[in-house]
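Shown here is one chain on its own, the form predicted on its own, set out as structure tokens.
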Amino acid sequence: MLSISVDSVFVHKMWNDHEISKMIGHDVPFMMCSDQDGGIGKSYGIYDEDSGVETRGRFIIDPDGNVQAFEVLTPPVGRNVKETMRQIQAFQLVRASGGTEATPAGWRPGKQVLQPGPELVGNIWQVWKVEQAFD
């Protein structure tokens, strides 16, 4: 996992040392990279030329370089790192199973998975209860 922004590495260090580390009790547990010219943000469509900043975007990219998921949020809305981690774990499980398992809404490690196939179509309600997605 890594973080990329148009901020310099010096701004990242200040943010880590004087903000986030005080909130979470330790340093940021992933690499923070600087995209000062916005090149990476432009390639993902989140760089705002007028303001010179990148919109907050989260991209889950598989080992083959394919974007499996993305989320773009405006600055006033915070992100959920636990949800990002849950999704990464779900993508890893599906990939490791070769597509023989799927993770339903709200799935978490250790919880029930689904076996996709024609017999599941129209029958998900029989094997997956909505309340499991919210427990």
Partner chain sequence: MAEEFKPGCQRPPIVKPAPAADVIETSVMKEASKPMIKVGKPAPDFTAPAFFKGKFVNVSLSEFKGKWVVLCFYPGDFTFV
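Positions refer to the first chain, counted from 1. Only a predicted model underlies this, so the values are computations on that prediction, with no experimental measurement involved.
FYI, the form predicted together with the partner chain isn't displayed, but the following is about it.
State yes only if every one of Asn16, Val28 and Pro75 has a non-hydrogen atom within 4.5 Å of the partner chain in the predicted complex; otherwise state no.
Verified in the predicted complex; spot residues all in contact, yes.
Quick one: does Asp62 come within 4.5 Å of the partner chain in the predicted complex, counting heavy atoms only?
Flag for Asp62 set to yes.
Applying a 4.5 Å heavy atom distance criterion, does Glu49 contact the partner chain in the predicted complex?
Glu49 belongs to the contact set for the partner chain.
Does at least one non-hydrogen atom of Val67 fall within 4.5 angstroms of the partner chain in the predicted complex?
Yes, Val67 is a contact residue.
Since only the chain is shown here, I'm wondering whether Arg79 would be in contact with the partner chain in the predicted complex (any heavy atom pair within 4.5 Å).
So Arg79 counts as contacting the partner chain.
Sequence order please: the residues of 90-113 with a heavy atom within 4.5 Å of the partner chain in the predicted complex.
Stretch hits, in order: Phe91, Gln92, Arg95.
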